[in-house]
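Form predicted on its own, single chain, as structure tokens, below.
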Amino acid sequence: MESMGPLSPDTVRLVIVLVGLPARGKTYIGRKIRRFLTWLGYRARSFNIGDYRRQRLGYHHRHDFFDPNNVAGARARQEMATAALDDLIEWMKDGGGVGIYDATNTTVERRRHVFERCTAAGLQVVFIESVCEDPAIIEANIRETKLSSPDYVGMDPDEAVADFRARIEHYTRVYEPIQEEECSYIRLIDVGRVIVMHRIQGYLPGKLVFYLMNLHLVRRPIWLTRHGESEFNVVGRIGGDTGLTAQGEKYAQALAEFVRDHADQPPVVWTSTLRRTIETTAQLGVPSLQWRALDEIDAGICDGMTYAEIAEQMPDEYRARSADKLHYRYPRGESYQDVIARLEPVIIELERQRSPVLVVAHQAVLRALYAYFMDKEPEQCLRMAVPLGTVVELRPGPYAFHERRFALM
């Protein structure tokens, strides 16, 4: 796999074309990729043909609309595919970085058309084909995602399942697995059980391969929490490596009780390398792994100061941070954008884990992790409340994570 080195998000010009039969997880994969890239700072957007069909042609299209022998239906679907592709290319011309073309794209002819239009616009193209050989995954996808589709609102579930299976059969009759020698593609079998790569070139496509290798469909909770109250928390100082107060020790005990009550198996426990997070997990009774990547944002020469002291002694720095908190870098320290960059391997490992995971870390770090899982722009989470004494539980759904908060103190 050739690597061209990292590129600035402002210079990326990539189109990801999804391929596969219905209920094979294409939209799930596309949304995961868009969320990951947006979190990293790329301009990424998905263009879903199903959304175009529903918005422009209405809902409740039954399976015969998708029959390849239905001339009117085929023409209407082609018009929606063209509209989505037109919008994608225009968006890319207007400064978009990564466009995701979310459709079945089941024939060689359709894929060749998409490839030629994108390359004519000067865009790099990578196809991602999702193949599913596990009937249980297909059935679960139909039940969990397709029955909640606007296409089947108010319809009897069994009737809806039968209709959608008939839709799949229509696509199966014309489906041609991707094998074009001239294009770059990634083939995923059973959402990452097997990955095949062909002519993958460049930094970002290579990064996406590594990301996709770690995806799975196992449902498990991820718990995010700050450490217990530390000595610096009491006096309002940032950074440092102080230990827990008596109140912080009480939270460590409450957290251990929470894990015993909510985990159906021993969780994977990760902390930063700082005392206050390690002490917070001491009563859990399970080993923990210390990640330097989970350390609090490095405040540089401001470490150990209060914000009032920074405002008084370094007013220019205080104003600069207030004006652009995402990109502001403490002198000899870090910015939030730096924190996101170093958290990338943590995200990959969190995606890979199949057991419950407890992450005990710090405010800036947890804000960045939360932004990824809850599909938020990083700027949206810069002032998000992450109070001491609270566990944020994130559980994966078909397309998004669902949040619950537990105030333990």
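Residue positions are given as counts along the sequence shown, with the first one as 1. Model, not experiment: these values are computed from the prediction.
Keep in mind that the form predicted in complex with a small molecule is missing from the display, and what follows is about it.
Stretch 364-372 is the contacting one of 364-372, 62-70, 22-30, 36-44, since its residues have non-hydrogen atoms within 4.5 Å of the small molecule in the predicted complex. Among the residues A83, I142, I238, A263, the one placing a heavy atom within 4.5 Å of the small molecule in the predicted complex is I238.
Of the listed positions (R110, R321, R220, R165), a single one reaches within 4.5 angstroms of the small molecule by any non-hydrogen atom in the predicted complex, namely R321. In the predicted complex, none of the heavy atoms of H198 sits within 4.5 Å of a heavy atom of the small molecule. Taking the partner from the other structure, the small molecule in the predicted complex has no heavy atom within 4.5 Å of any heavy atom of C118.
The closest heavy atom approach of I128 to the small molecule in the predicted complex falls outside 4.5 Å. Although the partner is absent from this view, Y336 contacts the small molecule in the predicted complex, with a non-hydrogen atom inside 4.5 angstroms.
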